[in-house]
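Before any questions on how it binds or moves, here is one chain, the form predicted on its own, in structure tokens.
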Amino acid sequence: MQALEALQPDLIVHAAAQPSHDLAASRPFDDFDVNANGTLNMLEATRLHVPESVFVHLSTNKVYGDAPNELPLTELETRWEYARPEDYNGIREDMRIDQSKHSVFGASKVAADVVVQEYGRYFGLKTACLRGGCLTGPHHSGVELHGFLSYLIKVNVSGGHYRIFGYKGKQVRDNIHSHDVAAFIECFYNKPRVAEVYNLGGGRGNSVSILEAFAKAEALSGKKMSYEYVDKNREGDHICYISDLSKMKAHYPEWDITKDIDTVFTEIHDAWQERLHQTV
């Protein structure tokens, strides 16, 4: 609170979080304290000391739990795909966030997401929840259970071994470059709204399955992917998740994806090549 009182910022981007599903399950109080209580602390400090500031919260698509898996799907050669035309653009912000399996991590992020909205509606703060898909970029660290694309490319470049967890490796994610994330935050800051929610991802154009990601990584590195298949999906994991960007573009038509999926792959690949070369 003292920091906000002293600095008087015009924009607060709350990106701090405990991001691990596994750690949340083993240390639920720590997880909730960081994700939910930490967010409440930030909001209360904003309300008391800088109520005119714009407050942007980096939420997650995990607030929907496994509800997106209830959408009808079609199995294609390399990916799962939405079966109904009305779902083609992906998951909208009106997808329900309760009565589904979230993981303990997902539940703490739901609490944070809802309280950010409430401080907007109840106290009139200019808040936004950005329900991120796979946020990534060349400096993404990436570990096995967090940072999907960066970790996959790192494994390929370094000659490591990758494990696919269920769904035949055809599970789909949309990936958004950190540059485009920052650009949207700037748009919201310039024209803030109250208690808004946006699904922030790469959209259909930046969607890729694990099998498709293998092929792209192999094409860049010239190395064959070494992997094994574990016939059990992660609890509550999404089968096909693509963010519908329609609401974002309607509210902020000046914003769009500028880093396509091939650019994202190339930048991450080149960054890992450089990092790994420096450690040799």
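Quick note: we count residues from 1 along the sequence shown, nothing fancier. This one's a predicted model, so the numbers in the text were calculated from it and none came from an experiment.
Just so it is clear, the following notes concern the form predicted in complex with a small molecule, a form of the same protein that is not shown.
- Stretch-level contact analysis of 155-163, 91-99, 131-139, 118-126 against the small molecule in the model of the complex, using heavy atoms and a 4.5 Å limit, identifies 131-139.
- Although the partner is absent from this view, residue 220 stays clear of the small molecule in the model of the complex, with no non-hydrogen atom inside 4.5 angstroms.
- In the model of the complex, at least one heavy atom of residue 58 sits within 4.5 Å of the small molecule.
- Put simply, residue 17 is close to the small molecule in the model of the complex: some heavy atom of it is within 4.5 Å.
- In the model of the complex, at least one heavy atom of residue 34 sits within 4.5 Å of the small molecule.
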